[in-house]
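Before any questions on binding or motion, here is one chain by itself as structure tokens, the form predicted alone.
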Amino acid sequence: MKVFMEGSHAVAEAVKRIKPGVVCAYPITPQTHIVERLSEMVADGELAAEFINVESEHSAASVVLGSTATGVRSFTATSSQGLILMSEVLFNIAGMRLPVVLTCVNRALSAPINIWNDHQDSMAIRDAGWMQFYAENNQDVQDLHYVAYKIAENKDVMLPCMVCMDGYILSHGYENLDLVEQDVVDKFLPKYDALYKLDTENPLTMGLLGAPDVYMETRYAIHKTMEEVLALLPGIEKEFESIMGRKVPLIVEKYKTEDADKVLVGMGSVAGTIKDTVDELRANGERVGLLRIIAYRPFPKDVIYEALKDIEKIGVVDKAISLGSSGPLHLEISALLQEKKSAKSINGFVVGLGGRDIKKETVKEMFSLLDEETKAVRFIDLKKWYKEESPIMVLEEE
């Protein structure tokens, strides 16, 4: 069914078809429309779920931890400071191997307060043990939620999953998309049957003390499972296509990279702008391309290396910065090339922080800079109205 729909409502419609038993989220901009619409669905009888109001994101994460631990499919969503407030519980959810799914509507972190989009929130908790998938458009957003539950609840996985969508650009943007019917979703995603749960008839303990003689093995088990997820994703892609009738890339997407001399690597909605720019530059005879990363956790390093190993000039586009180092995605790919003993050097570009526009001119500048000296960190479109010699930002006097 073709519909013209806001991204946040596309998430809500997908979640309704997934049929969680518990929905709990604290409203925060720009995530609010998702949970607002879900609350209406529950109130109107469209979704048979417990919608639980709480006083904070920390509590919201605690509720879905508890509900999932009792064997109930659960959902939550958040943004920015809300995700950071949840972080204590997010580590617990992963450590307890609970297949919670969370929508992160990406938004910049404070301070200063900023409600616009970048990826610094989800990047800040990339080591929590959650799978992370990044959407380019709202069709991706919908489809990735079905996949998130499919892979999280797999009895060989049992790990939480985060679907990341760019705030406002996707969450408040309207797009044409194919809304899947309920019977199709049911065929792809069966009813959740918990591998283990809290049950008075069969008591067990979750989240107990992990002494030095066992703790390291718990981390290894999560790490090993993450690696195994990468082997499962191609099969899920094929199953999704056979049931849903369309393709959804889950690892990477190669856009005109086969004969490219220059390739930008990026995630999220910026991929659309890069694709348009690639088409324009190719019309002028330039051989450029895009490698879009969908799965960031687990990190598909072998797939990425195969896609980039023959590319002459590479630039990595980050909408986040590991302050004092480089962009998180740039760091990952640099480490990958070092591991593969590649002499190839790559440029790191930090763009769009705090919602700053990323235009075609911005993308063209990054492609152009690939001809210059390689640098690990380049802030693109950085304004010069502050005094660089000052340890704090000071406005220039008129």
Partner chain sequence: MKEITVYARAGQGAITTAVIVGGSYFKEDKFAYAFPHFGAARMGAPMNAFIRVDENPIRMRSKIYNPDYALVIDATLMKSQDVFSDTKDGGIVIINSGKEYELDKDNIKIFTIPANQIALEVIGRPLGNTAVLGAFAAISKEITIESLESAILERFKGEIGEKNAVCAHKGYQYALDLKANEN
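Numbering follows the first chain given and starts at 1. On a predicted model such as this, the values are computed, not experimentally measured, just so you know.
Not pictured, yet referred to below: the form predicted together with its partner chain.
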| item | value |
| --- | --- |
| Residue stretch of 330-338, 52-60, 367-375, 354-362 approaching its partner chain in the predicted complex, non-hydrogen atom distance within 4.5 Å | 354-362 |
| Heavy atom within 4.5 Å of its partner chain in the predicted complex - residue from F240, W116, Y192, F299 | W116 |
| Heavy atom within 4.5 Å of its partner chain in the predicted complex - residue from K275, K313, K150, R97 | K275 |
| Heavy atom of Y168 within 4.5 Å of its partner chain in the predicted complex | yes |
| Its partner chain contact in the predicted complex: D199, any heavy atom under 4.5 Å | no |
| Contact test in the predicted complex: S269 vs its partner chain, heavy atoms, 4.5 Å | yes |
| D121, heavy atom within 4.5 angstroms of its partner chain in the predicted complex | no |
| Stretch 1-39: residues contacting its partner chain in the predicted complex, 4.5 Å heavy atom cut-off | K2, V3, F4 |
